[in-house]
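In structure tokens, one chain follows: the form predicted on its own.
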């Protein structure tokens, strides 16, 4: 009887081991660029004429929700339902999360904080959670919700190499939440870390024709008077990130 029990226990353990999903770690990082040039905080980048044109300084963060990696026949959600990518916080850029091992061809993600969390109080999460009290500066009020994007910097107003004007975008609100799908060939190996870079081209976003008009649209905190600017900014983010 003892031998039979041990055999049954061994079979159960084998079945559990076989049923356990093989996992790897996905490392997601946001990389701001000016065209092909990677931007660093507090360091100006130059235009095609070698003149200082744009600088990131102050804050730079964005939230991602409901991230899924999509393969040929299935999709797999990453372990973390909400991700904070913050250039000033090395614990949150890159962000690490578990996901099923496998080969994927695209990533689906919500840009911003999904409505199901957007009006929660930061104290209802663990302090170090992306929506927790450690990041309470990323929320307006429970009614207004979290700040999806906070991007601040300065630029050369006259395109003459003199950085002399500022831009400030603190963008949120449920109606500005967007879901995008980006083609990405991603192979997640079991018990390994796979790096995934998401690039945001600030040249397209802020400086090129069709981007934000910094002469009239350099500031928005998603208030009623500035909502059109916030909406344009959120649309451009969804079109620019890659």
Partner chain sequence: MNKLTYLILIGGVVFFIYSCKENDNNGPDIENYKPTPYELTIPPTFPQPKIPADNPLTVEGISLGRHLFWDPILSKDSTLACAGCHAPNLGYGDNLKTSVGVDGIAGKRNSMPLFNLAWSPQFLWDGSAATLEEQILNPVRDPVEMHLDWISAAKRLQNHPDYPTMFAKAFGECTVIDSTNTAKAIAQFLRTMVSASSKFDKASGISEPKTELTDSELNGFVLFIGTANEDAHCVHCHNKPLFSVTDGYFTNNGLDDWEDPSELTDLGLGGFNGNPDDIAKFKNASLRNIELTAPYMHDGRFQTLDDVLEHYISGVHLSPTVDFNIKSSFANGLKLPENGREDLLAFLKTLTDWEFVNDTAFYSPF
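Residue numbers count along the first chain shown, from 1. Predicted model only: the values in this text are computed from it and were never measured.
This next part talks about the form predicted together with its partner chain, which is not shown.
> Of the listed stretches (199-207, 180-188, 27-35, 55-63), which one has a non-hydrogen atom within 4.5 Å of its partner chain in the predicted complex?
Looking at the partner contacts, the answer comes out as 55-63.
> Among 134, 153 and 221, does every residue place a heavy atom within 4.5 Å of its partner chain in the predicted complex?
Spot residues vs its partner chain: full contact, yes.
> Residue-level contact is defined here as any heavy atom of the residue lying within 4.5 Å of its partner chain in the predicted complex; does residue 127 satisfy this criterion?
Residue 127: yes, in contact with its partner chain in the predicted complex.
> Classify residue 121 as contacting or not contacting its partner chain in the predicted complex by the rule of any non-hydrogen atom within 4.5 angstroms, answering yes or no.
Close contact exists here: in the predicted complex, residue 121 approaches its partner chain to within 4.5 Å, heavy atoms only.
> Does residue 226 reach its partner chain in the predicted complex, with heavy atoms at most 4.5 Å apart?
It does: once its partner chain is placed as it appears in the predicted complex, residue 226 has a heavy atom within 4.5 Å of it.
> If we define contact as a non-hydrogen atom of the residue within 4.5 angstroms of the partner, is residue 97 a contact of its partner chain in the predicted complex?
Looking in the predicted complex, residue contacts with its partner chain do not include residue 97, since no heavy atom lies within 4.5 Å.
> Considering non-hydrogen atoms and a 4.5 Å limit, which listed residue (107, 139, 85, 111) is close to its partner chain in the predicted complex?
Of the listed residues, the single hit is 139.
> Heavy atoms within 4.5 Å of its partner chain in the predicted complex is the criterion; list the residues of 156-176 that meet it.
Read in sequence order, the residues that approach its partner chain (within 4.5 Å, in the predicted complex) are 166, 167, 168.
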